[in-house]
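One chain is shown next in structure tokens, namely the form predicted on its own.
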């Protein structure tokens, strides 16, 4: 009895240590956003005791938060004003996720339920597209987008991110649809329901957990994508990962401003996960109990 209690205690301690190891970098990076330059470069480093400031956030978002000493902040002014770029990331990640989920849901249901010649070969081809490094297609996509006037536009980046996430979304959603018994479809067909009715009213509600999990992954992959945005945009549109590199200047790196933008960029992704958390766990565990 005492031995099992000791093992349970060790497991609990080990679990908390793992959690601390994963969350400490996030805490430290966020804390840098609230530090002045002196505290950022202080040695030995100050992990918990420092003088907080919101100056970095004021410079990044071009607003006065009203804390501490008043400083003149001009909206849209300054080299580190990045509020529009955060909006660019939200628009691109959200719309590309919607695009990928709509197309992938239809494709995955067809691959899961309909038998046609070359189905398995098509699935393998979809899988193979994930093996291609993005750098191999970035330059060709640049010339294609230039031909169709899609460079430096929301539509262009949304399309490329939707295409980037499409193979993963199709494969994940197909596995979720495979976990739903096909006998349900057959019973509905015998009752006179059409394929579209079955898909819309029966299968989709049963697979909403898997769809939510896939949507979260697509959103995160789009939110953190760097190469395609760097290649296919110029001045009108930039996302957070690309503009983060602009904090490195000839006179040094603006770590405080970079951390402020990074900390703020965590919030939208967290909100998306929070909105679908009820379906997320179910979606990530679909099929885990299948014999």
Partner chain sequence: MAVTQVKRIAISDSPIPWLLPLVCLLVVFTIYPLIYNVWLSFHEFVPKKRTLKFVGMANWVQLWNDTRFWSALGVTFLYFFIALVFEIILGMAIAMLLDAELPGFGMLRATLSMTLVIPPAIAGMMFLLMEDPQFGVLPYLLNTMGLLDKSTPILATSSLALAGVLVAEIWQWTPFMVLIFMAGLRSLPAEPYEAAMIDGASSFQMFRRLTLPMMSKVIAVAVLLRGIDLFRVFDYVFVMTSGGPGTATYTVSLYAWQQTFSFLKWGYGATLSLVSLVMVMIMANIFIKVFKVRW
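Residue numbers count along the first chain shown, from 1. By rigid core we mean the largest C-alpha set that fits within 1.5 Å across both forms. All figures in this text were calculated on a predicted structure; none of them were measured in a lab.
The form predicted in complex with its partner chain exists for this protein as well; it is not shown, and the discussion that follows is about that form.
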Item to complete: Answer for residue 133 alone: is it within 4.5 Å of its partner chain in the model of the complex, judged on heavy atom distances?
Response: yes
Worksheet item: Should residue 237 be counted as a contact of its partner chain in the model of the complex, where contact means heavy atoms within 4.5 Å?
Response: no
Worksheet item: Taking heavy atoms only, is residue 47 within 4.5 angstroms of its partner chain in the model of the complex?
Response: yes
Fill in: Close approach of residue 129 to its partner chain in the model of the complex, 4.5 Å, heavy atom
yes
Discussion item. Looking at 95, 180, 86, 111 here, can you tell me which has any non-hydrogen atom within 4.5 angstroms of its partner chain in the model of the complex?
Written reply: 111
Item to complete: Please state whether all three residues 42, 139 and 160 have a non-hydrogen atom within 4.5 angstroms of its partner chain in the model of the complex.
Response: yes
Worksheet item: Can you name the residues of 114-128 that have a heavy atom within 4.5 Å of its partner chain in the model of the complex?
Response: 114, 116, 120, 122, 123, 125, 126, 127, 128
Fill in: Shift of residue 266 between the shown form and the other one at or above 2 Å (CA, core fit)
yes
